[in-house]
Each structure stands twice: as structure tokens, then as C-alpha cells.
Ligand code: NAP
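Presented below, as C-alpha cells, is a lone chain in the form predicted alone.
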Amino acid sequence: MTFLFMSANIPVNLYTVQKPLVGVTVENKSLTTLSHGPKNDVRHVVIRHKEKLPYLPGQSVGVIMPGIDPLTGKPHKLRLYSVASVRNGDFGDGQTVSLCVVRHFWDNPKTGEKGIPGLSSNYLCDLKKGDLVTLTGPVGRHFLLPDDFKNRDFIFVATGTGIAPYRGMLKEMFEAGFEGRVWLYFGVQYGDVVLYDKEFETYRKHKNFFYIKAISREEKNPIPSVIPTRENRMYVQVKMYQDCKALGETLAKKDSMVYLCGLKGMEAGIFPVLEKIGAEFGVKESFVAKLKAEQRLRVEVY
């Protein structure tokens, strides 16, 4: 089956490290409570740009921090962040781009130092209204919706800030009269850090939208013998397997698609569930390999 993308209309690499776009911060809004510490501090950052920056939901933009990287003694390298807004931006005027950013911390195995603040994520989380931001991009063709999405079925899976691209995708889908079915599986640690939850809840008015949350620190896995998880925690793959009959019916359709976005470790949990679902409706070879070969599985992990 051929998937249709109007490649000529996909904006890519309009701004580069050599010729970047400078925008200004107009909003930095907290999406979470601080009760779970800084590692769960997630921000919705809106950047206004005077020049045109056309992008599509599913693409990313690069952010270049000012100054010199203390680890290399050279200018900071760009970091990519998924766009978290529709193509016209949060304000509808086509002059903003939104990012969903969590404060990142890392451990240095060489020195033993722990909880070192990630440079780029903390820079973005600390932006104040009026601060300038240097951008590149947009980049990415792989994670876009196909042009003929209206009557397809989709399974969207996200962990953490991997939810960002689905915010714009779902809004554009329903505003365009989407008639297929779409499942959104979202995994987070706590119930009060479910990003954009109120927005996604509003889509429940559509009978073809199914929104399933997996709260790993507050829910227990009821089927550990079938889908084992660390400390029997609830992860998205458990919720998916619980819906295996409905998902199997959807995945049996030759034009249905699966999108995964979030931490790289999610693949290890979700791929076996997809294999189980495929086997249950008669796929004898690797179902994941089949989905990839048919361009029906899109993965964006980091």
C-alpha cells in the first residue's frame, strides 16, 4: 500500500545553524504541579517569530542556547524539540511555535556527580517573557500524518513529553472532519502530571476518539503474568494489551497506522504487545517488521 505525502509541501530546514531564526518568548506556562520535584517540572513554551516559520504537527525545531558549552569550549549544539502546536500556532496567526519541555537531569559516571541539570532543557524551562530564542528547522518528514488521514484508524502512544506532537495532530484531524478512529495511550508517573489532559478530555465528545492513561506510580499492572512490567507498574503496553481485541480489529485494516513518541525504552515494552496482537489475528511473521515495511509504524524516540 502506498502512503500519500505531499512532499513538495513539507517545509524542511528553512533555518540553519548558519542562518537561524530568532524568536521571542511570549509564554512559559507550567503544565504540572511541583509536588513531585523538579524532574516533573514540564513547561509549555510559546515563541513568537516575525519571519515565516511554516511547520506541520509531527515536525521538530532546533533550539540553540546562547554562549559556550562548558564541556566542549565551543558554541552549544542545537537540540531538537517536537512542535507542540498546530501549524497556525496557539494563537492562530501563524507567527508562533510551541514546545513542551521537561527539566532534564543527568548523572556523570566518570565523576560520580548526580542530578546535573541538563543545559538546554533547563534553559528553556527558565525562559522569561521577552527572552530571545534562536531556532532552526523545521525538520522531519517521518512522523507526519498522511494526507489521506481522514478515514484511517490511528493508534497514538506517548510517554512524558512525547505527547507533544499529538496535541497539534489531533486538533487538526478533528477540525478537518476526521472520520476514522483514533486511540491515544499516554503514560506518565503521576495523575497530576498528565500533560494537556483537559485538552485531550474535550475530544471524548467524538465517539471515534479513545483516550487511555497509564499512571505508573499510582496503578498496578493486573496482568503481570501476561505483560510483565518493572515492579508490576502500569505502563501503556498493559493498557494496550487490555484493548487487544479492538486494536487487533484496527490493525487488521491495511491502512491503519501506529505512532510511538517518547523515551526510547518504550519500544521494548510496546513491540512485544504488537507482536502478540498480530499473532492473535493470524500474522505468522514479525508483525512489527510487517508494520514497518508497510510504512504503518512511525517511531520518534529519544
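In this text, residue numbers run from 1 along the sequence as written. As the structure is a prediction and not an experimental result, all values here were calculated from the model.
If you look for the form predicted together with this ligand, you will not find it shown, but the lines that follow are about it.
Taking the partner from elsewhere, residue 160 is found to have a heavy atom lying within 4.5 Å of this ligand in the predicted complex. Contact annotation: residue 81 falls within 4.5 Å of this ligand in the predicted complex, judged by heavy atom distances. A residue is said to contact a partner when one of its heavy atoms sits within 4.5 Å of a partner heavy atom; residue 128 fails this definition for this ligand in the predicted complex, lying far away. Though the partner is left out of this view, residue 233 does reach within 4.5 Å of this ligand in the predicted complex, counting heavy atoms only. Exactly one listed residue, out of 136, 221, 96, 189, brings a non-hydrogen atom to within 4.5 Å of this ligand in the predicted complex: 189. None of 273, 247, 257, 261 but one reaches within 4.5 angstroms of this ligand in the predicted complex through a heavy atom, and that residue is 261. The stretch among 261-269, 22-30, 239-247, 44-52 whose residues place heavy atoms within 4.5 Å of this ligand in the predicted complex is 261-269. Applying a 4.5 Å heavy atom cutoff to this ligand in the predicted complex picks out 39 as the lone residue from 24-54.
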